[in-house]
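There is one chain below, alone, in structure tokens, taken in the form predicted on its own.
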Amino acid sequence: MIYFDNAATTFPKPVLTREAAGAAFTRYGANPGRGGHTMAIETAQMVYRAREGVARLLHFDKPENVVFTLNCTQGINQAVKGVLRMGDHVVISSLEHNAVYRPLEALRRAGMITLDIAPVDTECPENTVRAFEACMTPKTRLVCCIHGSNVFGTLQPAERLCALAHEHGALFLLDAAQTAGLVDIDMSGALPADFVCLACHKGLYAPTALGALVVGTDTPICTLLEGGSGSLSLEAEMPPFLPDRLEAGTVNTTGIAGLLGGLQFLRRQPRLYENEMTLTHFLFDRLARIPDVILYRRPALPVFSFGIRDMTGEAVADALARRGFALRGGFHCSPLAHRAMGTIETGTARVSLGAFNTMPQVQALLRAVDTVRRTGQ
């Protein structure tokens, strides 16, 4: 199998990730923050090093504000449900993943918030910023933006949208599921987001079932879960300080240990983004030469969608799977993006590259796509 589904989760994981995760079974087997014995202390120190690594990646100086979650979706839910109040207004983009859209739509249906969707112009960032500005009201509490589309690989003008939110006294949440580890995010400089949500198992090459919510605001946050925190155990309420306040129960020490390996792998790959984009643009440009192949926007990330005339996205992905290629077909948990791009009827086939894809694999995919479009199966 040739794997082109890295936007869902990167695969294979680097040797450094696998070795680091394995240490959780031999060295870091205790429960961090739940004991004073040597192994518990060493495990807690390992978890803190991972917080420091994530903070360093984002140019952020508060590692204690790196909250580990089950996934990026839980981090987003924690942020939006932790700060929104009755009567608040929220603005999101027309390319949002369901991880943002569904929790906010649930709050809207419950009568708690009002919600506006700002249309993204993938070819003109100015128009996107103007669309967000047109949606802002005195009640706008939160602006959410997917940094990079998980379907079409386009980048949003996140720095300017963050500045816009703050100008209006609103909080800004960045969904960095597709960009963290590839695109520079400077929380202490150009992009001082109040919340950055990460899918560690994607661009950070950690194991699955691990995300992170990085909190850049002093705004009080209500809890999504309550339980043991390893601190202030005699109190009936969760601790008031991070990360303990938002980390109820035992964290995923195996995944966090693996994250340390993934971060080490990234530090050894300074040209990872450039290398992945070289392959991505080669693939995109060669697909454009194949008759009956439909392309949408030239990507700024190593992920994009395509179609074949008279075939649904799922049919294309299924046909390629039978030939040994792993892509994802359908709607990619992003109905807003498909509606915005006019692909809501057919869906698309999504190809997403990672650190271990090669030029021969890309060329093999091109031949397979040409075969599928000629045979229709």
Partner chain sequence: MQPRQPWRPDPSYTVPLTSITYAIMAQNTLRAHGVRSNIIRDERYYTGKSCGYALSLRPGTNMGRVMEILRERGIKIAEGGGL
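Numbering follows the first chain given and starts at 1. Here the structure is a predicted model, which means the values were calculated and not measured.
There is another form of this protein, the form predicted in complex with the partner chain, and it is not shown here; the text below is about that form.
I need to confirm a contact call. Of S188, T250, S233, T137, which residue comes within 4.5 Å of the partner chain in the predicted bound form, counting heavy atoms only?
Filtering the options by heavy-atom distance leaves S233.
I need to confirm a contact call. Of L242, M238, L84, I117, which residue comes within 4.5 Å of the partner chain in the predicted bound form, counting heavy atoms only?
In short, L242.
Going by heavy atoms within 4.5 Å, which of 209 to 217, 173 to 181, 223 to 231, 267 to 275 lines up against the partner chain in the predicted bound form?
Of the stretches listed, the one contacting the partner is 223 to 231.
Check Y48 for me: does it contact the partner chain in the predicted bound form (non-hydrogen atoms, 4.5 angstroms)?
Yes - in the predicted bound form, heavy atoms of Y48 and the partner chain come within 4.5 Å of each other.
Mark P335 yes when one of its heavy atoms lies within 4.5 Å of a heavy atom of the partner chain in the predicted bound form, and no otherwise.
No, P335 is distant from the partner.
Quick one: does E64 come within 4.5 Å of the partner chain in the predicted bound form, counting heavy atoms only?
Output for E64 is yes: heavy atoms within 4.5 Å of the partner chain.
Just checking whether G35 would be counted as a contact of the partner chain in the predicted bound form - the rule being heavy atoms within 4.5 angstroms.
It does: once the partner chain is placed as it appears in the predicted bound form, G35 has a heavy atom within 4.5 Å of it.
Taking M359, V362 and D370 together, does each of them reach the partner chain in the predicted bound form with some heavy atom inside 4.5 Å?
No, the whole trio is out of contact, none within 4.5 Å by any heavy atom.
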